[in-house]
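Next up is one chain by itself, shown in structure tokens, the form predicted alone.
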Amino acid sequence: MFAYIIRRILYAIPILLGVNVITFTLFFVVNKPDDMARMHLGMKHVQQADIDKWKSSHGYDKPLFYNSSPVTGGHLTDTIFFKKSIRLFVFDFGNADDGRNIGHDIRQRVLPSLAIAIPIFIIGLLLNITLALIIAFFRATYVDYTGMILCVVLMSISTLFYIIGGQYLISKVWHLVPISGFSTHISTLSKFIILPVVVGVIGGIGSGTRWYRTIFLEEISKDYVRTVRAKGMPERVVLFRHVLRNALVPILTGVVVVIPLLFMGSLILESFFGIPGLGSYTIDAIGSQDFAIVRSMVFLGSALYILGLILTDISYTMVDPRIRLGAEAS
């Protein structure tokens, strides 16, 4: 089991390196160092000397991947890629192009992201599973058909509609909660996160309920369910005691892989509701073309996603003996 986990972690290294190289290449295809300098200097007729000075002070005066005539270091180490991207593997994010410490910003913004991500995750999970169980219980009836139609409708509506509609109706018309903003005080925190949480949960009901319904219907069609029914068990007991318990394995897959990504926050929700989390941090960095922050957030998101996949594999081996025996054998 330990060797299996180590092997899965080692697999992540080339994946992260590939993500890093692709992100780095795409960014510099779109934005040359000279363009970055002109934008950050904010001058229409900036002189080349000012551009060269900005690039030198921010470490963008070197070749991207290969330095044919290195002043210090080697051909591969005296490059922008090595000095800016390789250190991410030890989670040294360095400084943003405007001088801010990225690691400090991330630590400051994690809690606001979690403040809305965790309630959305927990409430949405419980609500989606409950609705899916109810629809599966009344399968092939008007409840099932109506529920699926509503799910498709909810999935077809953009999240922006829920955000703008919620802000207008709940904040502007009814004046129940602030339209945007955030507070670190426990006493006032709830009134700022209620609306983003409600919008986040509603936005995920359609896809979540459909997915869990599919899982339950697949379990219902299996042989053990027919055996339980043949023993005279009520449909309610079959569904909630047997089907739900056996469906926890595929549910666990979707749940565990998402947990690490909760730290990244929601890009759209945080931006529209003025929440100083990692999502809005990333959007602001993209708007200002701050490559240091974008690179760091893409790498962090990739690392967390891979961590989620590893945790999913480990959880699979814990709940399914067949997978555990296969992992130990390999």
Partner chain sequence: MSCLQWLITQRYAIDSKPSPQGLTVNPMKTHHPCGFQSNEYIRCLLSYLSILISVLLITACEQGPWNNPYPPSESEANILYTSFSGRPKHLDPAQSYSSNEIAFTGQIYEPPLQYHYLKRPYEIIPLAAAQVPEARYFDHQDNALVDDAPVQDIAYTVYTIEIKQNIQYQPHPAFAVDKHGKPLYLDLTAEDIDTKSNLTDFPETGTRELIANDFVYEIKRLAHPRLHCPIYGLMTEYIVGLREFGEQLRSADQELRKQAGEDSFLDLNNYEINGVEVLDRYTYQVKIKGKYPQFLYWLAMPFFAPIPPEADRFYSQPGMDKKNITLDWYPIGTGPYMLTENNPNLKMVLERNPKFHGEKYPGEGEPGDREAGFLDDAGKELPFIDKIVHSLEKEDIPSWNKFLQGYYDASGISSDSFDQAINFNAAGEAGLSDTMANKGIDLVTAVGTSTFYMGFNMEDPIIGGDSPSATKLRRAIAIAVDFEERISIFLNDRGIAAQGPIPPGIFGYRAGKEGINPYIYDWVDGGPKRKPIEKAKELLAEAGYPNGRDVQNGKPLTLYFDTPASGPDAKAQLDWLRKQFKKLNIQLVIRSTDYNRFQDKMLKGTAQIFEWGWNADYPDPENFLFLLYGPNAKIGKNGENAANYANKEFDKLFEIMKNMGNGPERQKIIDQMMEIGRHDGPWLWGLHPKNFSLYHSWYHNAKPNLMANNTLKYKRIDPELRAQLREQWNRPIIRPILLLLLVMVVGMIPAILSYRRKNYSKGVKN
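Only a predicted model underlies this, so the values are computations on that prediction, with no experimental measurement involved. Residue numbers count along the first chain shown, from 1.
From this point on, the text means the form predicted in complex with the partner chain, which you will not see here.
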{"item": "The unique member of F93, F81, F182, Y162 whose heavy atoms fall within 4.5 Å of the partner chain in the model of the complex", "value": "F182"}
{"item": "Y145, F89, F137, W211 - the one with a heavy atom within 4.5 Å of the partner chain in the model of the complex", "value": "F137"}
{"item": "4.5 Å heavy atom contact, H75 and the partner chain in the model of the complex", "value": "no"}
{"item": "In the model of the complex, Y60 touching the partner chain (heavy atom, 4.5 Å)", "value": "no"}
{"item": "Heavy atom of G301 within 4.5 Å of the partner chain in the model of the complex", "value": "no"}
{"item": "In the model of the complex, G254 touching the partner chain (heavy atom, 4.5 Å)", "value": "no"}
{"item": "Stretch in contact, per heavy atom within 4.5 angstroms of the partner chain in the model of the complex, of 257-265, 301-309, 274-282, 60-68", "value": "274-282"}
{"item": "Complete contact of Q108, Q167 and H175 with the partner chain in the model of the complex (any heavy atom, 4.5 Å)", "value": "yes"}
{"item": "Partner contacts for 218-248, taking the partner chain in the model of the complex and a 4.5 Å heavy atom cut-off", "value": "R236, F240, R241, L244, R245, L248"}
